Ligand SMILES: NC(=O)c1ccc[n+]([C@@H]2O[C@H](COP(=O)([O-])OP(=O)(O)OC[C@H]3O[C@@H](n4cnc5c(N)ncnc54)[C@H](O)[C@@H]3O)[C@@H](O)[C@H]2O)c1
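What follows is a single chain, given as structure tokens, in the form predicted on its own.
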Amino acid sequence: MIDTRKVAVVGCGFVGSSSAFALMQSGLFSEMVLIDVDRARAEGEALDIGNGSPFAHPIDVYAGDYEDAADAAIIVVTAGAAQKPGETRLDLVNKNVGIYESIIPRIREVGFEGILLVVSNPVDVLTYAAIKMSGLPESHVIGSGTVLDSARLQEALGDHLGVDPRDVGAYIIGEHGDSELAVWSSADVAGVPLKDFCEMRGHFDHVAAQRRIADDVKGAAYEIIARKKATYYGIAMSVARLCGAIMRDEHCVLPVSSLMVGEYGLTDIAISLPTIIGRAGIECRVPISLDEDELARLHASAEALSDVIDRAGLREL
């Protein structure tokens, strides 16, 4: 039986420990188990995070094993090799698929039936791998996808236009990585088409501005890694947002990575598109409007991911 107040985090590196900290503060759960190949690291993180529980919501945080996570509502998988300076997310694929081969079958063996949230990079490829390895319904395997990329786009547009980024409706779709694309054609601010809002705020060089902002968003992770060797706070807050959407059954739209079954002509690939998610996981993809160029770029992104999936031998799993 699923315990709706329990979460597990697999991997206690920077992303995993930051995600655990964000989840502790969220109040979504009353029990959290941390799992890591380095048991002492998991124990240390649990002790450190648990020390702050008197200042937050009551929660029991402890180090455990996969058996302890069997009845969790959500298992968040952050384990994997870290992205190094100059290394793309797709460069990580062979190392992290190997790591997933030691994790996902263990989750399957203990009879886990909740939602599997994949955060490790390259997230789209590993989401596909997790679907293949876990035996879970496709709707129960969700990749963090371009949730953080879209937040970065909203932040950049909010700064550019002098408005609250929460009022910006804009998505990054495709791969969480170098082939991602901003959907400008359907972007808006408070319901006003983005182009019209830009001109209302005195911005008329749309092509140059869009190129600059899209490049800044795409390069954000590389900029952070070059300065502090890793990114973790932004993705940790994305994990908390996703867990909140699931546990509160919000039926909200977030650009997560999930298995395509014909949308935009894409099949047998996990890629990020705006998706309705709730307590049951993936409900459906939202068919946002794409212009001809955006659709072509989405297919190019999918082809790049499909090539990686083929080279990694994941279709044979």
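What you see is a predicted model; the values in this text were computed from it and never measured. Numbering starts at 1 and follows the sequence shown.
Below: the form predicted in complex with the named molecule, not depicted.
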Original post:
Would residue 150 count as touching the named molecule in the model of the complex under a 4.5 Å heavy atom rule?
Top reply: no
Original post:
Applying a 4.5 Å heavy atom distance criterion, does residue 31 contact the named molecule in the model of the complex?
Top reply: no
Original post:
Taking heavy atoms only, is residue 131 within 4.5 angstroms of the named molecule in the model of the complex?
Top reply: no
Original post:
Hey, in the model of the complex, is residue 136 touching the named molecule, heavy atoms inside 4.5 Å?
Top reply: no
**OP:** Go through 34-42, 273-281, 247-255, 288-296 and give me the stretch that gets within 4.5 Å of the named molecule in the model of the complex, heavy atoms only.
**Re:** 34-42
Subject >> Among the candidates 220, 189, 79, 181, the residue which, in the model of the complex, approaches the named molecule to within 4.5 Å (heavy atoms) >> reply: 79
Subject >> Contacting member of 240, 168, 99, 93, with respect to the named molecule in the model of the complex [4.5 Å, heavy atom] >> reply: 99
Original post:
Listed by sequence position, which residues of 115-131 have a non-hydrogen atom within 4.5 angstroms of the named molecule in the model of the complex?
Top reply: 119, 120, 121, 123
